[in-house]
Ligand code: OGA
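Only one chain comes next, encoded as structure tokens, the form predicted on its own.
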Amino acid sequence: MADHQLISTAVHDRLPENYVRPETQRPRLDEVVPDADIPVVDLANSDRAAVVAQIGQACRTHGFFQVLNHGVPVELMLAMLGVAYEFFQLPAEEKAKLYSDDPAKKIRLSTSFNVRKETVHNWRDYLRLHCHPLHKYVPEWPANPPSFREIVSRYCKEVRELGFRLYGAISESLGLEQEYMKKVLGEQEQHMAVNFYPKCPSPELTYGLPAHTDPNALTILLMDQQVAGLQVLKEGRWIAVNPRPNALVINIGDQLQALSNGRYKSVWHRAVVNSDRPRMSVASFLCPCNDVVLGPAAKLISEESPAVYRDYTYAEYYSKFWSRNLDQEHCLELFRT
């Protein structure tokens, strides 16, 4: 029964056996750097060259940055998180209608990461939505809560616009023309994962999501302002990303690492859970068109810096990514020249 799979339908006093990580794979929460800052870029800065330089620097050093004054209305961000909580508070039998463990399904409620393949599960339930073009997918989205489709549609549009603006700055920061990324990635798909991490009785024994990189081009993350959980690997140490008020967190996906010929980093990141309160995050993914051919930008290849990756289609990349375990070696390694 689907509602037995979901961890958000019951209160748990102890961690079930199949969520306990082997000793060597635990998060070691006491070793995490608690107050490291990841770069913050104010997009309202009128000095465009400075914004472009800051974004380029962040992509090189961290692969992650937070943006302020990003144009997505704060009340819409709050409404998005609010309706996400409402959805996960629906009765179990209502949620069970949407449950599926088939990764190919465009719209599904599921748990962990890839339930069919993994031996140890992750402390996460999530709603996966395809978001572009909206008119094609919205009719299949949850009709409950009643405001869900309207709020999430508005949020998706805003985030897409922001993603395209960021592509412009990222392209320029590499010395490419402003439209380069948007053009080369084709008519982009857009997906969303609404992640719910319930309170966990033993956070030190499990993960919300173990270390992974994102297979797409760009990820825009709306985080719970009250509860931290995202951690990023920097120089061999895990650092906690503490949410800034009204900020969105941006990270480079594998495809931008390939397009930049390895200059920009798609870095390992993970989600940890905590024992005193649940946490919500909404990840929006901009993904290349499936049949578009990807590889390092020609302008970034020279005798001094030869191509690091071969050309491939996104469809080929994505099927490789999903056929492996989340925390195996970086999937881009399989596409080196």
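This is a predicted model, so every value here is computed, not measured. In case it trips you up, residue 1 is the first one in the sequence shown, and so on.
The same protein also has a form predicted in complex with this ligand, omitted here; what follows describes it.
Heavy atoms within 4.5 Å of this ligand in the predicted complex map, among the stretches 54-62, 275-283, 304-312, 25-33, onto 275-283 alone. For the chain shown alone, D214 is a contact residue for this ligand in the predicted complex, at least one non-hydrogen atom being within 4.5 angstroms. Proximity of N195 to this ligand in the predicted complex falls within the 4.5 Å heavy atom cutoff. Using a 4.5 Å cutoff between non-hydrogen atoms, H70 does not count as a contact of this ligand in the predicted complex. Mapping the unseen interface onto this chain, A271 counts among the residues with a heavy atom inside 4.5 Å of this ligand in the predicted complex. Checking M80, I170, I250, L230 against this ligand in the predicted complex, a heavy atom within 4.5 Å turns up for just one residue: L230.
Checked against this ligand in the predicted complex, the candidates L109, L166, C131, L221 yield a single residue with a heavy atom inside 4.5 Å, and that residue is L221.
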